[in-house]
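One protein chain, two forms: both are listed below as structure tokens, the first as structure 1 and the second as structure 2.
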Structure 1
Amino acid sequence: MSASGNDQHTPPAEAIGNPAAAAAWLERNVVESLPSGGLKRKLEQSVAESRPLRVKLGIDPTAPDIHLGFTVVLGKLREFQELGHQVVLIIGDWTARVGDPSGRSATRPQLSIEEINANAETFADQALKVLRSDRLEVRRNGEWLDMPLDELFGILRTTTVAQVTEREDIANRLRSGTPVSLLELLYPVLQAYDSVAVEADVELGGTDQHFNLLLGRDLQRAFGQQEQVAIELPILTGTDGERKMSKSLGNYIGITEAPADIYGKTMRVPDSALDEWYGLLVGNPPSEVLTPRDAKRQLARELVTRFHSETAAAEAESHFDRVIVRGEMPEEIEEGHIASDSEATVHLPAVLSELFGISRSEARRSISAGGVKLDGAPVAELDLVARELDGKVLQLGPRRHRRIIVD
């Protein structure tokens, strides 16, 4: 099994073998569990039949990394595993081609099959940083959704256009005249069929998945199966403290990011979001004796330890104090190579774009704002002679450094 669990996912003794206590513990921090009392009945059935529940989560691999927001629902899956149940993690390689319209004001961009497959591989690996490996079934919904048309027609007959267009996000787009593709109308039906394919007893998702979770129950009923319990969990706010955590919004912390980045990004979380972050990621509020700054430090150490190690957490904190608090250079600086004649002129925005992965326009804005330094001194010029950069430390913002090597 994975060694990544922590105390918040360890069930109390009274929940072991006791459906009522187990249901109360599993539902303690969820937004909704539908139908009311359904989870307790499922757990009672599990005991009576001596079989574990099949607990489903579907994730579309539209980005290569799992961020902290995903770990909220993964943590709940881990709790089911700790009680002896089977988690079915569905990587939506097929539904990712369609694009989930949940919460969207426009059609999602189409990903290539190569991008989807690459993302699917990293998702499955990264999920093991939270989940146990011994009570886990990883599936791709292309296994069953790559089907003949007559089978697809049979699925589509179970759902009406009115059902799908009543969704708030779809209804809003239709009212505003924003295009909605037929593929997007198909998405919730295909996603719901996943529950039929794996015979899910329970499905988990964020509050933005309310419609999809309930449609899964509808399709199971249409196919003669027992209906799953739908459990909705809160959505973690991003590092901006305002919008939900999202890679596309740039307000996320990836669980495989470098320890210094996880620590530094956590320290940027607004004080107003601390109770939410502690509640969803740690399971209890921050100590009242801690200042917000110290509470963030404690949370940052906890997160780095969880996804790396205690040693990495101590080093990340030392790095933060040295570079951010005292404004010193990091102890170790990655080299950045520039292919150029030493007397040639190089365009600094192009160098920043290549070494730090930002756009040239963003690089120019950082230069004009004084956010780019060379050996600690702000740089205002856009064009420099290559030898003026050779061997010096180029700094973008407070945290990003490269020692320039002109080849």
Structure 2
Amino acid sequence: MSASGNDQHTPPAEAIGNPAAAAAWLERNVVESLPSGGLKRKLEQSVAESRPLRVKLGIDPTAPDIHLGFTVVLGKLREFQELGHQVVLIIGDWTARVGDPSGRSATRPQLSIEEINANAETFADQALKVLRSDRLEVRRNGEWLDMPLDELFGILRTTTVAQVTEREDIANRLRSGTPVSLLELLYPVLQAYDSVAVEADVELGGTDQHFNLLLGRDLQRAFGQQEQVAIELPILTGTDGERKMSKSLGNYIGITEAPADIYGKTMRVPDSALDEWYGLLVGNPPSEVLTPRDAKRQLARELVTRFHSETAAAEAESHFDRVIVRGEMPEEIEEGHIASDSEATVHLPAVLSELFGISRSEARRSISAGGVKLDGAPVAELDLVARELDGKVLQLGPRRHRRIIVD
């Protein structure tokens, strides 16, 4: 495993310049590649015309960071790059305003334009943690979706209501009486039109994108273009080991998260999900000589190394051993300032509330449950003399610490 963590995306020698071998390698861990044989034909065409394929991936900036599940798709894009093809990364600043209903049981919360733009800003940077910076074209779909109505009408004519309402997620919502807005029905058509706009040869997505990917082919045909190949990748399970990794379920690991968080969250993943995580994120199963614990530690190190550095991984591991395994204080503890006369009485719930951002009632509950410690010893009193707190480490639960400074 290299520091870049991208060995898994390096093509074997026989795949270079050989469409059949290249297609087989690219399709080795995908769930679906449609139509069957389509990718090989595209690759042959690429060789014949000596032109790189345009491989599209759309990503809506609905959350501020890219999570691990998404890197599975990015990794596949990287493989196309390694074979010399052109990646077209579409930041869906306009589709984000519409909201993708795929796999959803309710309408997405509306994001403000400011949030969308702020997220869009960082997305390309984050994607570069997996993608190469050459053979990469980054576009925003506002470039073409901000169109006159008559053009939009032309696009909407291509698709029927039955098509967009028959898909399972939408059909379920209609059946259960959950609201579905017209805008949501529009979404797949707009995403499909992105394929037309960038003249995609291949589009990637998770299996939840099945409908959207195939509709892209329909739109391209309607606009007189060659149809793209649709490649569907597996969806990574979240840190709960059960549901798909997603921002809204809170079971995700963002690739820009702090090393200690990536390491810790990875350790929290149930052992039962280990094989899947190795397969999708590392590209090979864990070594059989490793116990589940050590396999998980190795995965955690590998992930921190990939998104930060080897040094950060070592530090994250020792932090984990120290704070979680041995229950000791972290090496570095953030200071927490409280303003008080040193002889005055301070109300502990108020201090906890201020330093850790919880409510005072919540703080009281934690205290009575024995979850609040001062220099490692549980505290029961609600009011303390400020002097007794000064310089001590206040701890909330197993992993939140602050060194108190009385000003």
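For the two forms, the rigid core is made up of the largest set of C-alpha atoms that agree within 1.5 Å on superposition. A quick note: this is a predicted structure, and the numbers were derived from the prediction, not measured. Numbers follow structure 1, counted from its first residue as 1.
> Just verifying the output here: the form predicted alone should be either structure 1 or structure 2. Which one is it?
The form predicted alone is the one given as structure 1; the other form is structure 2.
> Looking at the two forms, between structures 1 and 2, where is the hinge between the rigid parts? Pick from 166, 327, 370, 160.
Selected hinge residue: 327.
> Quick one: degrees of rotation for the smaller rigid part between structures 1 and 2, relative to the bigger part?
About the hinge, the smaller body moves through 16 degrees.
> Superposing on the core, what C-alpha displacement does residue 387 show between structures 1 and 2, in angstrom?
The alpha-carbon displacement, core-superposed, is 6.2 Å.
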